[in-house]
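The chain below stands alone and is given in structure tokens; this is the form predicted on its own.
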Amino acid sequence: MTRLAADLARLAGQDALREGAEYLHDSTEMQGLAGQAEAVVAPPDVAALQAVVAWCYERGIAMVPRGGGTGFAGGAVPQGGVVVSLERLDRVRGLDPEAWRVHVEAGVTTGRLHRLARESGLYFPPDPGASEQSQIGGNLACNAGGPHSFKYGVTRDWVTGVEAVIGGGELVRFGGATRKDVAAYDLRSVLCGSEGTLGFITAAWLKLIPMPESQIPLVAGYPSTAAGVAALRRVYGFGLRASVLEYLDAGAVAASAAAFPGGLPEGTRFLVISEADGDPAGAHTLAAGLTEALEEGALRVDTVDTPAGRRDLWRWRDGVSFAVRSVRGGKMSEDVAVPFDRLEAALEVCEEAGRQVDLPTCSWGHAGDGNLHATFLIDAADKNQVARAARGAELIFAGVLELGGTVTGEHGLGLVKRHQLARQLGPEEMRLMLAVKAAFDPRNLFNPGKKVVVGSS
């Protein structure tokens, strides 16, 4: 045992020490992104976490927060220092169904929270995927979204309070159970999306809502991107507040169509998935309106009206990423977003980037939010293909910024895109971002080199 490990064991307990490569990478592993750390520790409670943070901060030791390790930006990949896993902070501090709220620690998984809510007849809409692995602390740190964000927003929209450990081991709380509070600067929202660069989120107070009585998905296949995007525009134009508005382009459809429940119409080159929810009468009325908006130019519009069918559909949707990866054994996806009315132009940017680096591309994502998962299909063992995909990603970033978009819609910047923020923001905006970082973390020890790179401008 190293001296560092012995000191961490003294602070957090011998059983807090962890070993294994799974703590050194996240879902960017196929890009060859793997880290190294001097030690890994999983404190059993907030007090032990405070002790670890204070000890490391005093000695200038960098700390990398770890949730479920499902991120796509390398945010949890260590470049030295100590990995601090929050997996053991998994207590439900309070569930109050009558007040539609829950108070949970950072290590509670997304799936567990969904079940807790559902068992009380309530609903927590954010679902970034990998629900049995992703943890609430990581969801907050990346401000994760998911398919239902079109109607219900991203994780930040469901947070009324955040507890965190910051530099020196101090425990701070911004907000709480109160649903309305504008007394202070909104540092609660600053922590949501901070990717562990300002401190360690330890717990959150979250809003819940009554579970919609009816949820009716609709699936529409189109012969072209233009026809599919036109249908998406009609949903907006008709003023239909669907809970879901997803898309898959031709490449994503080709990769995943074989597993689609019941099969897709021949010639489908663009797929739209929508969903109507609410009380039974309202949901059916909305589903009828969505059908009218989607059916023009469609090969077919199907309504999924059984619980089993809905479950099968979303299980298939969750597997699209794996289906795409299986085509060539690997993929590099870039999470970008544009104003909704520039979606078709963004799809063209992705296709052109693939042509320029001579790699097949596809995309899918949250059409209602203009959020694309622009993907290069690669052999992950081929370093040349990995390098070409990285060059292609730079083309995509430049293209979406020209369209008024952003280099990340929900995955965060992490290590992979850490230099992109200065490309998106101006000098004054970057100065303010760095000032926020310095206020929370003056020694730059919380997840250094991620998101906001100290020294950039």
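Start at 1 with the first residue shown and count on from there. Remember, it's a predicted structure, so these values are computed and weren't measured experimentally.
Not on display, but discussed next: the form predicted together with a small molecule.
> Since only the chain is shown here, I'm wondering whether residue 124 would be in contact with the small molecule in the predicted complex (any heavy atom pair within 4.5 Å).
Close contact is absent here: in the predicted complex, residue 124 is far from the small molecule, nothing within 4.5 Å, heavy atoms only.
> Test of understanding: in the predicted complex, would residue 375 fall inside 4.5 Å of the small molecule by heavy atoms?
No, residue 375 sits far enough from the small molecule in the predicted complex that none of its heavy atoms falls within 4.5 Å.
> May I ask you to state whether residue 399 is within 4.5 Å of the small molecule in the predicted complex, using heavy atom distances?
No - in the predicted complex, heavy atoms of residue 399 and the small molecule never come within 4.5 Å of each other.
> My question is simply whether residue 76 lines the interface with the small molecule in the predicted complex - judged by any non-hydrogen atom within 4.5 Å.
Heavy-atom contact with the small molecule at 4.5 Å: present for residue 76.
> Suppose contact means a heavy atom within 4.5 Å; in the predicted complex, does that hold for all of 152, 212 and 217 with the small molecule?
No, the candidate spot makes no contact with the small molecule.
> Could you work out which of 406, 70, 420, 50 is the residue within 4.5 angstroms of the small molecule in the predicted complex, going by heavy atoms?
The residue from 406, 70, 420, 50 that makes the contact is 70.
> Could you work out which of 199, 368, 354, 221 is the residue within 4.5 angstroms of the small molecule in the predicted complex, going by heavy atoms?
When the small molecule is considered in the predicted complex, the option within 4.5 Å is 199.
> Tell me which stretch of 263-271, 125-133, 236-244, 343-351 has a heavy atom within 4.5 angstroms of the small molecule in the predicted complex.
One stretch meets the cut-off, namely 125-133.
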